[in-house]
Ligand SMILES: C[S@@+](CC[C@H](N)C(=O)[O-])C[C@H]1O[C@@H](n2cnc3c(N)ncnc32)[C@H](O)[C@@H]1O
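As structure tokens, one chain now follows by itself in the form predicted alone.
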Amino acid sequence: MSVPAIRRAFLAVPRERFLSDVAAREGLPRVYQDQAIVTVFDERGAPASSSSQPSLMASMLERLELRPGHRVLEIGAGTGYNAALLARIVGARGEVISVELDPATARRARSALATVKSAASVVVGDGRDGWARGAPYDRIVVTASSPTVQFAWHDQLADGGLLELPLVLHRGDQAQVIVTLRKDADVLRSTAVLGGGFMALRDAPGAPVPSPPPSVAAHERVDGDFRSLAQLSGAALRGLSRTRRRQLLALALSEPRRRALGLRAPLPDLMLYLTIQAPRDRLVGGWPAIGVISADGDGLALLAGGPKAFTRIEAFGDGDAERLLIELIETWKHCGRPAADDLQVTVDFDRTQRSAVRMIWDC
């Protein structure tokens, strides 16, 4: 599907019909900002559903290579906005079915779709099971993140069809990439990898969104002026005692040793590489910072720089973390400085229909 066709779909489908409460409360300019808008919160006050960032939606639609007449299955209806865009692109000869776990969300999505006279349909069910009644599908798009690829998605996808999903890189963490996979007999092979993320696929209607990984942070508030001083997060912190975590935060607040990288490393490229390649029990950080800790938590090394590129290492405490980070960066450079599209993802299934995801860099 060409970019002009996707553009026409966005121009034809009014986003405010799917965010009527937001439009009434905050006005149309808010609705048309290029931002994700949270629409549902769980009982803890954590975001549970949202309308995705339009530019990210457009990038995903482009990578789906949609054509008029395609049959599309969407996992997770959300507001219904994405289903409306899909239906507009595949046209009257195509079909869009959106599977939504939560009945209340499904009702709201149906109502919104009716206001724009969309042909997309919303059914209630567990998206992990797909929707067998309408199979096979030319395209399946999952709008919630998952650490696994469900066999039902593979099984209900036509041979040569595309499956697109936000894939969680490590179970228990939030880091993820949006992967487009083509079905080649029993195997799914990536055709595109895109940076970005979605809320987690839930187990039951109203189930709480999984908690984020451990984090420690320090901030100051003076005369109404709030400023974050330091923040570290990641599964690596779970392996440290409370005392060690606090000591690590204290290190992050101290004056660092600065070491120039000698290049401008694009943030998303190097962040993705480190997220996949760094040992999980050493990786820490969160956008736009990422780095590693020493094995005993007595050292910390973070990448730093401008808003688009890393230009230096900031190290604290012992040198073990700094040496590991330098080693990882040198390997990235030797590999040709791979970006997201250089990541090759393959998925196959064992006899119990459990997926095995393999990620390798094209270098």
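Numbers follow the displayed sequence, beginning with 1. A quick note: this is a predicted structure, and the numbers were derived from the prediction, not measured.
What follows is about the form predicted in complex with the ligand, which we do not show.
Asks: At 4.5 angstroms, heavy atoms only, are G78, G127 and R202 all close to the ligand in the predicted bound form?
Replies: All of them do, each having a heavy atom within 4.5 Å of the partner.
Asks: Which pick from L101, L240, V149, V193 sits with a heavy atom within 4.5 Å of the ligand in the predicted bound form?
Replies: Filtering the options by heavy-atom distance leaves L101.
Asks: I need to confirm a contact call. Of Q35, T311, S50, S59, which residue comes within 4.5 Å of the ligand in the predicted bound form, counting heavy atoms only?
Replies: Of Q35, T311, S50, S59, the residue with a heavy atom within 4.5 Å of the ligand in the predicted bound form is S50.
Asks: Just one of 27-35, 295-303, 330-338, 50-58 has heavy atoms within 4.5 Å of the ligand in the predicted bound form; which?
Replies: Stretch with heavy atoms near the partner: 50-58.
Asks: At 4.5 Å between heavy atoms, is T105 in contact with the ligand in the predicted bound form?
Replies: T105: yes, in contact with the ligand in the predicted bound form.
Asks: Looking in the predicted bound form, any heavy atom of E74 within 4.5 Å of the ligand?
Replies: E74 belongs to the contact set for the ligand.
Asks: Spell out, yes or no, whether the shortest heavy atom distance between L251 and the ligand in the predicted bound form is within 4.5 Å.
Replies: L251: no, not in contact with the ligand in the predicted bound form.
Asks: Does any part of W131 reach within 4.5 Å of the ligand in the predicted bound form? Heavy atoms only, please.
Replies: Contact with the ligand, no.
Asks: Using a 4.5 Å cut-off on any heavy atom, which residues of 24-40 would contact the ligand in the predicted bound form?
Replies: Not one residue comes within 4.5 Å of the partner.
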